[in-house]
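As structure tokens, one chain now follows by itself in the form predicted alone.
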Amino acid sequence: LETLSSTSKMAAPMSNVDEIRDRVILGEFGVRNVHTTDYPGNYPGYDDTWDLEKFKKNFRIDIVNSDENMLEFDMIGIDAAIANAFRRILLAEVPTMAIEKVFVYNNTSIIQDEILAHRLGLVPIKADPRLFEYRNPEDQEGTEIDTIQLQLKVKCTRNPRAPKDSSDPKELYLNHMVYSGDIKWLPIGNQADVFADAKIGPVHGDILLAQLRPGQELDIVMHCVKGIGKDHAKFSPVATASYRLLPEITLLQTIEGEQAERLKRCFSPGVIEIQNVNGRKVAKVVNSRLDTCSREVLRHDDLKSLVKLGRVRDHFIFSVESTGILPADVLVTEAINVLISKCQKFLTELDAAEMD
């Protein structure tokens, strides 16, 4: 039965084969053509052997939107395994600097030392990790090439100028809210000269760390080290790094009038527009990229047979949001460098195995 089934699939019309190879189809009760099948020898008449020149011709990256912390780009002509490798490297293998050691000299707040240390560790630190080395686990002190030293020293006092009838803590107390902006950089060795232009410290100064009352104080010294998200999430350089396949919406016949209005409401804003054609309201697909693929149209019996929903298998829409430690475009470049180093290491291991 399995042989007959596979034979019948191979005997499919050429147009159906192209669809199976290139498109993921969203049906009413499931998703079809999910797995990659265009490997050598699977489809008679197709040459699917990997070719570098063919890859160079088909592969491209289009920048759609870019600012300091956000990057949206299209990666086209690549397999899902490689696209997913970039995503995972961005999340877990691009190094950053984060607080690793917390030395609590005084903490009379109501927050326990362990909780406060955890909160401090998750504060993104603005420091270029490419300028530092990994710290030796046996080294307890750290040096200027592998450690950044920070200090948090805050004491809460009463405000002598507060109105007598006030009950607002903002008026009654001074320094009662401890923010990440209170963290100061203490240069080690020659760091003051080397990083004179780099404003080392928390990326955001408005992260609330603790609340104090008169007489309570914090005196803490912190050591930042270089690490990767695979070891701890605090080292992850991105808030989000994700991709989705480019949606493809095909209208199988002309849809007009009231049906066109309902069709427009079935998709995300901007996907379907109503155009006036010879006095008739006709639905047109203007930007399928904006669709979230909710498949809402398949709930309408009179519309579901008029629309075909799919996704382009080798067109990945990447969204990368940096935590602010490094610009998003730099993170993508660093992820590519990590993947290159992995490939080089693998080839070196292969050569060593052949020599043995």
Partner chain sequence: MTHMICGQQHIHAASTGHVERAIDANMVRTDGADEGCVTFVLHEEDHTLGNSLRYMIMKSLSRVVCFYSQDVEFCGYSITHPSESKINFRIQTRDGVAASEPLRSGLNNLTEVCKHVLHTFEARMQAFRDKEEPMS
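Residue numbers count along the first chain shown, from 1. From a predicted model like this one, the values you see are computed outputs, not experimental measurements.
The protein also exists as the form predicted together with the partner chain; that form is not presented, and the subsequent description refers to it.
Visitor: Residue-level question: is S305 within 4.5 Å of the partner chain in the model of the complex, judged on heavy atoms?
Guide: No, no contact at 4.5 Å.
Visitor: Can you tell me if V104 lies within 4.5 angstroms of the partner chain in the model of the complex, counting non-hydrogen atoms only?
Guide: Close contact is absent here: in the model of the complex, V104 is far from the partner chain, nothing within 4.5 Å, heavy atoms only.
Visitor: Whether M75 contacts the partner chain in the model of the complex should be assessed with a 4.5 Å heavy atom distance threshold; does it?
Guide: Yes - in the model of the complex, heavy atoms of M75 and the partner chain come within 4.5 Å of each other.
Visitor: State yes or no: in the model of the complex, is some non-hydrogen atom of N16 no more than 4.5 angstroms from a non-hydrogen atom of the partner chain?
Guide: Residue-level check for N16: no, no contact with the partner chain.
Visitor: Please pick, from D182, E256, D79, D146, the one residue with any non-hydrogen atom lying within 4.5 angstroms of the partner chain in the model of the complex.
Guide: So the residue touching the partner chain in the model of the complex, by this definition, is D79.
Visitor: Based on heavy atom distances of at most 4.5 Å to the partner chain in the model of the complex, which listed stretch, 109 to 117, 272 to 280, 67 to 75, 152 to 160, is the contact stretch?
Guide: Going by heavy atoms within 4.5 Å, the stretch is 67 to 75.
Visitor: If you look in the model of the complex, which residues in 49 to 65 sit within 4.5 Å of the partner chain (heavy atoms)?
Guide: Residues within 4.5 Å: T49, W50, L52, F55, K56, F59, I61, D62, I63, V64, N65.
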